[in-house]
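Okay, here we've got a single chain as structure tokens, the form predicted on its own, with questions on binding and movement later.
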């Protein structure tokens, strides 16, 4: 149920995102989900890709600072209250969300929420017990 993502530390400098996406494209790496957060001095680009280890290696070879973390990808109904239901489970379980981001494939079907928790195994257990569908890494990488 855990999904591996890469985190790339970027200078706040024009063209860095273009450089990363070009490097990944040239090496056949497909981006499945992404999130960018920034501060005044640097940004953190989080990516879920179809080949995490290869992407990490290629980006390091090109001078980027890259790390990996594990996240959970939960499926939520694409209707009002879909996300609220999952967040209520998280609240009831007293879980701490470090960050989250989302994507959807087709409107009206389901949304996918990527969560990073401080207690990942506890979060997996609570969400599964509440009938929240969690996707495997293979499912996410192949989207």
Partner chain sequence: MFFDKEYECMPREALAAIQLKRLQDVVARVYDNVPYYQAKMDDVGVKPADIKELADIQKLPFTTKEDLRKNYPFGLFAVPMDEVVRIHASSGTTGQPTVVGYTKADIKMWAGLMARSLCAAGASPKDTIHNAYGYGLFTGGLGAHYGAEALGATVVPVSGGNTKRQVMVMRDFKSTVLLCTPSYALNLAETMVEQGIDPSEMALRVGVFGAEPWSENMRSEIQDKLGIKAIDIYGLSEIMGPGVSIECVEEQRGLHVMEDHFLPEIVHPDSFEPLPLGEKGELVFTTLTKQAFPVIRYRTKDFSRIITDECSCGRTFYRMEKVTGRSDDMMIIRGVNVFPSQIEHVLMSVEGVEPHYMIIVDRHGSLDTLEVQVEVSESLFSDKINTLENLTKQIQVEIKDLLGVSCKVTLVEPKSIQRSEGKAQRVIDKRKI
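The shown structure was predicted, so the numbers you read here are calculated from the model rather than taken from an experiment. Positions refer to the first chain, counted from 1.
Omitted here: the form predicted together with its partner chain. The next part is about that form.
Contact annotation: residue 80 falls outside 4.5 Å of its partner chain in the model of the complex, judged by heavy atom distances. Residue contact check for residue 122: none of its heavy atoms lie within 4.5 Å of its partner chain in the model of the complex. Although the partner is absent from this view, residue 54 stays clear of its partner chain in the model of the complex, with no non-hydrogen atom inside 4.5 angstroms. A residue is said to contact a partner when one of its heavy atoms sits within 4.5 Å of a partner heavy atom; residue 39 meets this definition for its partner chain in the model of the complex. Exactly one of the stretches 85-93, 72-80, 24-32, 44-52 approaches its partner chain in the model of the complex with heavy atoms within 4.5 Å, and it is 44-52.
Along 48-78, these residues reach a heavy atom to within 4.5 Å of its partner chain in the model of the complex: 56, 60, 63, 64, 65, 66, 67, 69.
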